[in-house]
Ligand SMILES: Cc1cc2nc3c(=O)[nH]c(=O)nc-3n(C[C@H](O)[C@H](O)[C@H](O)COP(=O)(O)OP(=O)(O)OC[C@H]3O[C@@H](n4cnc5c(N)ncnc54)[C@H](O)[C@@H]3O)c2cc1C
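This document starts with one chain, in the form predicted alone, laid out as C-alpha cells.
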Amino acid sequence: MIQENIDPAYKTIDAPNGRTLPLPIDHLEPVSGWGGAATGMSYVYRPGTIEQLREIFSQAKRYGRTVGLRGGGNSYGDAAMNDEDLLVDICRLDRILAWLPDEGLITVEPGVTLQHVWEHTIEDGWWVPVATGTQKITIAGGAAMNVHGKNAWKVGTFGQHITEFDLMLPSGEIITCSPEANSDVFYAAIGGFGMLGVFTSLTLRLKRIYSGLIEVEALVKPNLHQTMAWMEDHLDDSDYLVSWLDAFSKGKALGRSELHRANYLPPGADPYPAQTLRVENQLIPPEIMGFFPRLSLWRFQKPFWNNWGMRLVNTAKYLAAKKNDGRKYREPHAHFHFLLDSLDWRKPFGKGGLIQYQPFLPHDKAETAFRQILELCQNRGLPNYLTVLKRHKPDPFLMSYSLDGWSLAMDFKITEKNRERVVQLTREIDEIVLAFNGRFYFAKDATLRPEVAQAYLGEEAIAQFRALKQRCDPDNLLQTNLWRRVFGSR
C-alpha cells in the first residue's frame, strides 16, 4: 500500500494540501494502451481485497493524488492510463462469487475475465451474451467501457446483460445499483469509463446454448454496398454478423469484403453436446497444422506490415475467401470469437503500435459516410490494415456510443514518420462522422478532442455525467489520461 515512511526507494511529491506523498519507486511501471501507441509511467497497485482497495483511495485523498483504474488493459488508447500518478489494476480481485446454472446468473469480482466466465459456465450450457474479439477483458472493464460483440444489433451492448453491480465510491462507501436501485448511477457507471467508482461485484445474465459448436457461413461480397445490403437482409435470421473489408480496394470494388454469419445450434442439432461443451474442446490449438506455433506467426507477417505488403495480403485474403464463398461449417464458440487472441495481432505493427479508430454512423447515412472515410484514407496514403464492419442498435446508457446503425473499426499502423499524419487524418474523419450525426467509442479512442465529444454526446448528457461524478467523486480522485484529454484537467 501507499506508505508514509520515506526512504531512498521512495519518490516524494508535494501534494496540493502541503503534505508529502511518498510514492514507492518499485511501483513505478511502464503502462500502455492495448494498441501500444499510447505509453506512459504510473505507480501501479494491485489490491487483493476490498479493504486494500479502500485504503488506496483513502491515502490518495489524504495526499491529493489521483487514481486511475485498469482491468485487462485491452482499451486501445489511454482509457486505462494515469500518467505519473496512481493506477489500480483490479486483476487480483478475480473470484467467482456465485453461479446459478438453473437461471444463468453469475456474480463475479471485477477482475474476473470473459475467459474465466465462459470456462466456468459452458459445461452447464451457458455462453457469454456479448463476446468481444478478445476473451482477456475483465468483466469490470467490459462494463466500464460497455463493450459490444458481433451480435450488437440483436442483443445490444455488454451493460444490457448486467442485472446488478456493487460500486465502491472513492469515499470507500459501496452502493448497490440496478435498473431499479440507484438507477441513475447504474446507467452512467456502465459506459462511464471508470470515473464514478470501482465495480466490486457484478451480476451478469448469460445466454443458454445447446451445443459447444456454432454454425458459420462464409461469404464474399464485391463492394461495400452489397456487403451492407446483404447484412441488412439477414439481421433476422442471424445470431452473429461481421464483415472484414479490404481498405485498399477502389472504384466499384471499394469495400469488398469477407463476411461471416453464425447461428447457435438448436436443441438436438448436435448429437454429442456433452463433448462439444467441454472446455478442452473449445480451446484454440497453439499450433497451426499441428506443428507451427501460432504466436510465432507475426514474425512471418511483419515484412508485409506496410502499405504495399498489406495491399497484397488483402487481395490474397479476398481471393482465397472467394473460393470458399457460401461454405458452411461448424466450429467451437471460442474459435469463432477469440481467434486473434492466439495470433498476437499487435506484434506485426512494430514498436510504434497501432491506433484503432471506430466511428458509429446512423443506418441511413452509414454507407455514404464509410465511402468518404475509406476514400479519404486512401487519398492521404494511410489505408488501414484491418477494417471490421458491424451492425448496432441503441442502448439506454448515459455516455453511449451506440445507435441504430453501423460501425467501422479501422487499425492504423503508427510510426515516428506518420504519427502526426494519422492524428490529422482522424481529425478529418471526425468531421465526416459529426456531419452525419455519428458517435465515437472510448474503448478504441486515442485521439478524440473535447469539442468533438461535446458535439456528439451533447451538453445535457455531459452535464448529467459531471453532476453524477461530483456526487460520487466530489474530490475528483478518479482520473485517467482519457478523462483529462476529453473532459478536463487534474
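Here the structure is a predicted model, which means the values were calculated and not measured. The first residue of the shown sequence is 1; numbering continues from there.
Separately, the form predicted together with this ligand exists; it is not shown, and the next lines address it.
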item	value
In the predicted bound form, Thr138 touching this ligand (heavy atom, 4.5 Å)	yes
4.5 Å heavy atom contact, Met145 and this ligand in the predicted bound form	yes
Contact label in the predicted bound form: Leu69 to this ligand, heavy atom within 4.5 Å	yes
Proximity of Lys444 to this ligand in the predicted bound form, heavy atoms at 4.5 Å	yes
The unique member of Pro273, Gly353, Gly133, Gly104 whose heavy atoms fall within 4.5 Å of this ligand in the predicted bound form	Gly133
Candidate from Tyr357, Phe193, Phe370, Trp406 lying within 4.5 Å of this ligand in the predicted bound form - any heavy atom	Phe193
Triple contact flag Ser42, Arg427 and Phe487 to this ligand in the predicted bound form, non-hydrogen atom at 4.5 angstroms	no
Interface stretch in the predicted bound form with this ligand - options 197-205, 325-333, 228-236, 371-379, non-hydrogen atom within 4.5 Å	197-205
Contact set, 62-80 vs this ligand in the predicted bound form - heavy atom within 4.5 angstroms	Leu69, Arg70, Gly71, Gly72, Gly73, Asn74, Ser75, Tyr76, Ala79, Ala80
